[in-house]
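In structure tokens, one chain follows: the form predicted alone.
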Amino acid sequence: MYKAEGCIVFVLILLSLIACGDDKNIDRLPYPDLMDFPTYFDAMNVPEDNPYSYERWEIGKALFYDPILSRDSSISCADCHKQELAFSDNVAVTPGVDGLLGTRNAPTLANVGFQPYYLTEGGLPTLEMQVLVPIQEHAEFDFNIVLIAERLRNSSYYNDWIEDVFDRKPDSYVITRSIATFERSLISAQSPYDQFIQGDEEALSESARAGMDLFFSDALSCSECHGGPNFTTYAFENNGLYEVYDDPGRFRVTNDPSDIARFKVPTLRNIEFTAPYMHNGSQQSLDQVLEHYNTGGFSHMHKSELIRPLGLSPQELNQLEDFLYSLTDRNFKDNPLFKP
């Protein structure tokens, strides 16, 4: 079963239930240590009905790490999105309840709050709606958000805490808003690359600088897809990974044949920690990924015209790899504020 299959209709039905909440008596506290990001970043997409508060963030963090969200209370959000791996995982597909496997690789949550839409096929417009997907997906939590709310109401720990913060009993509104608030704080913007473009000329090695020149060159066109502060345009592309795909990609949402095997371009930030790569985790190493692009990949009717043989030398491939490693933000993966 494809990840998120059938979830979008369910989410749209549930949206009206979730959106009925109000924001009475919620203190607005600043996030001086969590929400700062450089001015060259785009504005973050924050729904008007879910403004930041530290109290919401605390509840969202607790729920993110709590297996109470899964049917048998065996796995949590953090089992697929591990902080030490930049909130991704190191297996092709992370097993869900009862060890079931989906088809998609767990993406990093770094800077997830800046995305304009969610899921690899881009089927959901907000982070709050995305929270619902792993909950009901059979190969993930295999549960129901209404039953999760009942569990939380039966927990004196959560029930009293949530009532104090949200002025309401635990429900779908509380669950989606609080987890989304925590996830929006997962900002990664302190890599050597960030330090370099903010004026620290010693932040990048000579090899990484050479790799940066290659990355942004017209000859390679890497930044045509992996552009902007998050190193993604969020476009839907085919990179010639296969001639025939088991996963239809964006076609699942649009039913447009021109979208078959097109997937949302992922961020390259913290790529040092997010192997294996590609939508299905089929590429085990960064060397393997670079070789794929250097050779131009396989033929596919929707393959991007930008994917073509590059003819890079071993030295140039090493330089490009050094630049990609400069996107590693160790402060992000080690930040004690994100730990359970």
Ligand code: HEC
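Numbering starts at 1 and follows the sequence shown. Treat the numbers as computed from the prediction; the structure is a model and nothing was measured.
The discussion below concerns the form predicted together with heme C (HEC), not included here.
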Ile145, Cys80, Ile187, Ala86 - the one with a heavy atom within 4.5 Å of heme C (HEC) in the predicted bound form: Cys80
Heavy atom within 4.5 Å of heme C (HEC) in the predicted bound form - the one residue of Ala149, Ile260, Val265, Ala203 that qualifies: Val265
Proximity of Thr94 to heme C (HEC) in the predicted bound form, heavy atoms at 4.5 Å: yes
His279: touches heme C (HEC) in the predicted bound form, heavy atom cutoff 4.5 angstroms: yes
Contact flag, Tyr118 vs heme C (HEC) in the predicted bound form, heavy atom cut 4.5 Å: yes
4.5 Å heavy atom contact, Ile59 to heme C (HEC) in the predicted bound form: no
Heavy atom contact within 4.5 Å of heme C (HEC) in the predicted bound form, the stretch among 106-114, 187-195, 150-158, 165-173: 106-114
Within 4.5 Å of heme C (HEC) in the predicted bound form: residues from 162-199 (heavy atom criterion): Ile179, Glu183
